[in-house]
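A lone chain, given as structure tokens: the form predicted on its own.
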Amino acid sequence: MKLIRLAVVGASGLVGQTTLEVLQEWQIPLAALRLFASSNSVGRDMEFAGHRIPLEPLDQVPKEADAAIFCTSREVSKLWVPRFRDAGITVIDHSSQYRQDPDVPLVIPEINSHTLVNHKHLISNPNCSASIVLLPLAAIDRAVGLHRIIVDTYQSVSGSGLDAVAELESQLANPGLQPQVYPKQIAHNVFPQVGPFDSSGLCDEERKVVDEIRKILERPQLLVYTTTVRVPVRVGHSAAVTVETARATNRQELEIALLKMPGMVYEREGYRTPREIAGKQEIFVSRLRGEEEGTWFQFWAVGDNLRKGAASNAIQILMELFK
């Protein structure tokens, strides 16, 4: 792999911190590393590979960088990503700003790395909940085709950032505290809303799951129905998935397809929980069940939303670009 001059924008947030952890764990060869953060964090240092690296304000595009990973809000990406692209810096963006742009690849490398060929200095990283289900869905689609998908996600608070994790911990200690980050109390509770609702009744996360599954599988007319649920879990998104296959099949054929899929672990017995997979790279799939010979099947999937759902998927993209 080539040496990379890398910038991480939003380095002090949960995804930014996880990005630095994965860069070190995977020993990504870096010629230089610069870290950018909001004004609240500027002036602090972060440790990386035995060194202290200062957090810089994002007030201009760095002159010497090959790539940048944006772990920022949609608003920050909208403002700064075009400036980085104009400077010839290849951007991997975690925000939703460019995911549905037809000229911007939306990439999970195990599924659609071929779309990186014409990236035009910008690649979008998928939504964390869509990422959890897409590997098993891609395996099934390749084997027998998909006609219809029903996805119910159970999403941890770390998907909303550090403030949401703090809110959960505060409410667990003091259940009377009023919510600030979420519309309802999250401690000892669940609610079927991740983001604001649109005119059709879908919340923002549900729209993302539908659109991103279709784009990554390259199936724009695929029938996808979803309910996204916020749960009082710190790290790890889960999903209960029901699929209608394009042709009749059986559990054995689907198991073979799932076992062959890179980036995930299929388990015939038992199941994993978010607590058990936090910090792991793979997506864990289990509880495959359905008709003995037919088209309707169900499974359970769980993955670390900060890893495969965000940071490590972006670094996989980086590895593909600079291999």
Ligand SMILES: NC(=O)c1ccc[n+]([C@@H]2O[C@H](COP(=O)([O-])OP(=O)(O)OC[C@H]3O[C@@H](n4cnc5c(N)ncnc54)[C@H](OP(=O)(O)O)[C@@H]3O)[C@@H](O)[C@H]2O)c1
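None of these values were measured; they are calculated from a predicted model. Quick note: we count residues from 1 along the sequence shown, nothing fancier.
What comes next is about the form predicted in complex with this ligand, which does not appear here.
Undergrad: Assess the spot marked by 238, 264 and 316: is this ligand within 4.5 Å of a heavy atom from every one of these residues in the predicted bound form?
TA: Heavy-atom distance to this ligand in the predicted bound form: none of the three under 4.5 Å.
Undergrad: So this ligand isn't shown here. In the predicted bound form, which residue out of 295, 286, 38, 281 has a non-hydrogen atom within 4.5 Å of it?
TA: For this set of options, the contacting one is 38.
Undergrad: Please tell me which of 122, 187, 76, 144 lies within 4.5 Å of this ligand in the predicted bound form, judged by heavy atoms.
TA: Looking at the other structure, the residue within range turns out to be 76.
Undergrad: Using 4.5 Å between non-hydrogen atoms, is residue 222 touching this ligand in the predicted bound form?
TA: Looking in the predicted bound form, residue contacts with this ligand do not include residue 222, since no heavy atom lies within 4.5 Å.
Undergrad: In the predicted bound form, does residue 99 come within 4.5 Å of this ligand, counting heavy atoms only?
TA: Residue 99: contacts this ligand in the predicted bound form.
Undergrad: When the contact criterion is heavy atoms within 4.5 Å, does residue 71 count as touching this ligand in the predicted bound form?
TA: Answer yes; at least one heavy atom of residue 71 falls within 4.5 Å of this ligand in the predicted bound form.
Undergrad: Is residue 14 a contact residue for this ligand in the predicted bound form, using a 4.5 Å heavy atom cut-off?
TA: Taking the distances in the predicted bound form, the answer for residue 14 is yes, it comes within 4.5 Å of this ligand.
Undergrad: Which among 112 to 120, 151 to 159, 166 to 174, 239 to 247 is in contact with this ligand in the predicted bound form, heavy atoms within 4.5 angstroms?
TA: Single hit among the candidates: 151 to 159.
Undergrad: Suppose contact means any heavy atom within 4.5 Å; which members of 289 to 323 contact this ligand in the predicted bound form?
TA: Contacts from 289 to 323: 305, 306, 309, 310.
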